[in-house]
Structure formats: structure tokens, C-alpha cells
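The form predicted alone is given below as one chain in C-alpha cells.
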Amino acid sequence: MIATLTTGDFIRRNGLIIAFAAILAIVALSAPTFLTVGNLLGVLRQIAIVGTIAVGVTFVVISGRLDLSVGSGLTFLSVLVVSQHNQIGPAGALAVTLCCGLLIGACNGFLVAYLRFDSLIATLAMLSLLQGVTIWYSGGANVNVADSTTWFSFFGRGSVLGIPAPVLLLVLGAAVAGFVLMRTRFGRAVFAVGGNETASIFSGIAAPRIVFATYLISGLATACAAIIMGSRVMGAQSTIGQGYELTVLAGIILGGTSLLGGYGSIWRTIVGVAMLGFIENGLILMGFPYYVQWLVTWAIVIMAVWIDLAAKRGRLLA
């Protein structure tokens, strides 16, 4: 017997895509330049940095934790990769930046997974620490890549067959992360820990090790985003990543990943981040003030979290 898919089932399974298409249609009707190739590629290039971080943080959120240090992590690592580029060259700068990203993730993971710190407190503390380290390291001054002809510029400014390099890097990273999350034993363990950590431990899963690994992935993703950021700007400043942690979390939540853990996917995170990017771009093209973007983002996050909690409780109100 072949199961039939009702209209309600179709909407529930594809609600995010339907909402995305509806938003694109509304903005396109209001701003004729919205659907031009140049504008679409420009938006995709912009969201690549947020999307790259969000891919890593999705692992953390699915495991039932948070990582609010990624904004300051992006700032520090962007300053680091640019300054190291000038001192030891692009290859060495990439290696140092990736290692430092893993180190930041390891510190967060150790505090949360093994010392049992609350993830909100631990990563907020890391946010503050990294911001202070950035100002100390840079002296509060902007840094710029000295050699404008370096191949380092490809990561943020290059393109392949007309497609911006940051977009290609995001797609590649998302494909690898999606495979790991959905097709490997580690990915299944992440879902198990986020869904019910106690039960996962009794099932033989080393929950602290899994949580620690998710923070390593988050730190590595932030380092990759910093490389793209530094390459795109060909410089960095001590506030360059300010607010990114909120945008990343908003995109993940909008994509349907549960803040309570145990549910989510990489592709839905990418769609959520893309929705935020295109909404912000559309508001600008329609002539709205810049601060309206933050108000709309607030409304989207509140609505998405409310729907998530309502789905867990089985009712809209407590």
C-alpha cells in the first residue's frame, strides 16, 4: 500500500522552503533589482561567512549546547590571519589560524564537556576573553594585507566560472558537514546526546567526547570563516565580528534546528542563513532604515523559538 502525502504533511515537511520562496516573491515584487544576477551573487557572497560559522555551530546546537563565542572568535582569527600573512606568508597564516580556531574550540569544549560548565556561561566568558586578546594583540589598530597581489585574496574575492569562491567554499563545507552529521556514527551520536544525554550514555556513547568534538568543529568553522573574511576585506579590525554570534544563532534557529538539542540539519541551517541574508538585502533595496533589519531578525528568532517550544510541548502556550 502506497502512503499518500496530504497537503498538511507537505507543508510541515517543506514549510521552510515555502516560506523562503514566498519571501523572495514578495521582495522581488517590491524591488525589481532584487532578482538580478549581480545582486543575488552579492548576497550569497555576504552570507558565506555567516553560513560557514553556522555550519559548525549547528553541531553544537544539535548536541544541546550553545556557542556564543564565535563573533569574538571571528574577530580575533581575522586579525590573526591578516597579521600573520604579513609576517610569515599566506600558507603559514592559514595553518596558524586553523590551529588557533581548533584551540578555541578545545577550550570551550573542555569547559563544557569535562568541567560541566553551562555552555552559555562558558562561551560568553570566551567571547569576552577573545575580545580582550584581540585588542591586546592588535593594539586596537586596524591591520591590512601588505601584498595586494597575494593568492590569499582568492578565498574572499575570487570566483570560479562566475561563482564567488566564498560560496563554493560554503557549499563544499556544508556538503562535508552534512555527510558527517547524517551518514556517520559520530553524527548519530551527536543527535543522541542532544536528544537524551543520559540515555545516550547508557547506550555506550561517550557524551563528553562527542560534545568536545562539536566545539572543535565550531572552532574550525570559525577559523575558515575568518580566512574568508580577512581575504575579502584584505584587512581586519577589532570589531569586525561584532554581532555575528546572534546572526549565526538566528539563522540556525530559523532553519529549524532545536535549541533544546536532538534535531536539525546542515542544509536547513544554510536555508535559514540565506533567508536572513535575502530578507536584510530586500529591506535595504525597499528603502527601510538599517535598524529595521535587527527588528525583523528579533521577530523571526522569537517566532522560531516559540514554534520550537510549542512543538515540544504540544501546545502554543504553557
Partner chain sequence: MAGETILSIEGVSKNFPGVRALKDVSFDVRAGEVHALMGENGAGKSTLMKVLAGLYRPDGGRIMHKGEEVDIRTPLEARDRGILLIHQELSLSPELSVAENIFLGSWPTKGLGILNKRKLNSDAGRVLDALGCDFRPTTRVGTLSIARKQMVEIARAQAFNASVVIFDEPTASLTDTEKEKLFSIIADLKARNVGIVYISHKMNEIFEITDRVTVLRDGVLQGTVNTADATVETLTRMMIGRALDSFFTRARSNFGAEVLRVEGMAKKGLFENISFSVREGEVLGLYGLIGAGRSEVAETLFGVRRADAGRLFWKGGEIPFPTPRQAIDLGLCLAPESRKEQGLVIGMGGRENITLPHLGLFSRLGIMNRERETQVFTRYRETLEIKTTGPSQRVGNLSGGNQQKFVLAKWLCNKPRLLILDEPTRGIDVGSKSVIHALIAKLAEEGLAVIVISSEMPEVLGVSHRILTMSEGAFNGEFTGEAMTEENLIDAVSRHRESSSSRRARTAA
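Positions refer to the first chain, counted from 1. Bear in mind that the values here come from a model prediction, so they are computed numbers and not experimental data.
Below: the form predicted together with the partner chain, not depicted.
Undergrad: Considering Ile228, Ala192, Val143, Cys100, which brings a non-hydrogen atom within 4.5 Å of the partner chain in the model of the complex?
TA: Among Ile228, Ala192, Val143, Cys100, a heavy atom within 4.5 Å of the partner chain in the model of the complex occurs only for Ala192.
Undergrad: Does Ala106 reach the partner chain in the model of the complex, with heavy atoms at most 4.5 Å apart?
TA: Result no; Ala106 lies far from the partner chain in the model of the complex.
Undergrad: With a 4.5 Å heavy atom cut-off, would you call Gly204 a contact of the partner chain in the model of the complex?
TA: Yes.
Undergrad: Determine whether any heavy atom of Thr198 comes within 4.5 Å of a heavy atom of the partner chain in the model of the complex, and answer yes or no.
TA: The answer is yes: Thr198 has a heavy atom within 4.5 Å of the partner chain.
Undergrad: Taking 4.5 angstroms as the cut-off for heavy atoms, does Gln87 touch the partner chain in the model of the complex?
TA: Because no heavy atom of Gln87 falls inside 4.5 Å of the partner chain in the model of the complex, the answer is no.
Undergrad: Using a 4.5 Å heavy atom cut-off, which of 218-226, 73-81, 160-168, 181-189 contacts the partner chain in the model of the complex?
TA: In the other structure, the partner sits against 181-189.
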